[in-house]
Ligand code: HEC
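Okay, so here's just one chain, in structure tokens, the form predicted on its own.
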């Protein structure tokens, strides 16, 4: 047996020597497939796809294909299978099947439709609509431990209720919350100008302004933002009160995930008087196909694609910017664009603040194919502007000086956390700064120098939210209707002017000084910063439930000389 083993060993050494002798000079031994590397090609029906992103699904392990559509992915766990995806502009995301390192992989991409399909019927977000592919079926948590998922968050978010918002509907119809309508707008005639609107007759029951009071024969373009799925086909002809079905779901899921682009001017802003759907481009799929766009390039298998717009503030521009009668009414996007927050290197996007990631590690139910991801890659769909979010946006600093028997209070309000003015968008919104000084007996000290709140802060009992004439500042964009001179006005569908804009831009501060009459003994100073969603007169006319939110308060005790 030993002789036979020796014979075979000599034979093997001889064969190895002959192979080496016959090999071309400088040749390498045959390559052995690496156990931690994947090689492959990305193709479409016409051939290789260059510059495609190839990714190990749900991870940061990714590369791009070369000019021949080939790719190499290394650093994988030897022998462990991975799910591989591919995406390139103009294609659905491909892949999603398990492969193993060392294999040669072919990923095939399917091209998107070249144009939008206006005949597409919007998909309801709710399972009760009994439509295949509805959002609730896969994106709603069935157990509290699994959620919240995007559908659950969207249901809590005001975007899902934009069609039913009572402030919107009562301003549109000219009614109060009980449905009582103000009289139609009266008109006068002037020889030089012709017909013009007159102020409301307050001797008659009046429930506030309304678009339909001023333009009873027109539907207007309000639905272009509040009911966009319904307004796509008729942006100037959709009455919000008459919409049913998917269109009444507000800013609904299917609508948002069909957005393809935003039409912007060379200045980077939407064009004037082009709100909502008037500034959006869509990619609705042809019959027999589906299409969902989003911020991830590895959602597969399925008819999904990645659109970078979903991670950019420009996505929000169409509904958060608006010129009416050549007056800039809504401008949170433009304010962001002008602020340091728009710096691509050091700034923040709308999504960073209003759709903060990190709340969950998956956005599809596991029993529907959901995969765990880095929570920082998943945007929240609850964009509710909570009192806490409002409080994070501002800082209140108070200093006092006692000299010559007089108390001076120096107040600084800083927009420390909002990437736009505070308050922003609706001209009805306001912040109010109240400054009070009381003596040892609790009596208010008279103000001798400094600003006081204007009459539209509300004339009446301060305990009921009426603060006109009190020491303080009002931060708001105050509109005045040109013909009727109604001030402040939220009826920006009428020709208006900006009477005053005292809001605080991003990272800016407002400083105001208040001097109070002499007092003996200790003085208590109380400074409050409040937020209100509408002016008190309008709140009373409409019957809205709009609580005042305390953003910050400071109380100091100052000893006299």
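Positions refer to the first chain, counted from 1. Bear in mind the structure is a predicted one, so any value in this text is a computation, not a measurement.
A second form of this protein, the form predicted together with this ligand, is not displayed here; the remarks below concern that form.
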| item | value |
| --- | --- |
| Contact residue in the model of the complex, from 379, 456, 91, 475 (heavy atom within 4.5 Å of this ligand) | 379 |
| In the model of the complex, the one of 471, 208, 322, 488 near this ligand [non-hydrogen atom within 4.5 angstroms] | 322 |
| Partner-facing stretch of 518-526, 63-71, 42-50, 492-500, counted where any non-hydrogen atom is within 4.5 angstroms of this ligand in the model of the complex | 492-500 |
| Complete contact of 165, 350 and 423 with this ligand in the model of the complex (any heavy atom, 4.5 Å) | yes |
| Partner proximity in the model of the complex: residue 295 to this ligand, non-hydrogen atom cutoff 4.5 Å | yes |
| Residue contact check: residue 238 to this ligand in the model of the complex, 4.5 Å heavy atom | no |
| Non-hydrogen atom contact residue 283 with this ligand in the model of the complex at 4.5 angstroms | no |
| Proximity of residue 389 to this ligand in the model of the complex, heavy atoms at 4.5 Å | yes |
| Contacts with this ligand in the model of the complex - residues in 331-349 whose heavy atoms fall within 4.5 Å | 332, 333, 336, 341, 348, 349 |
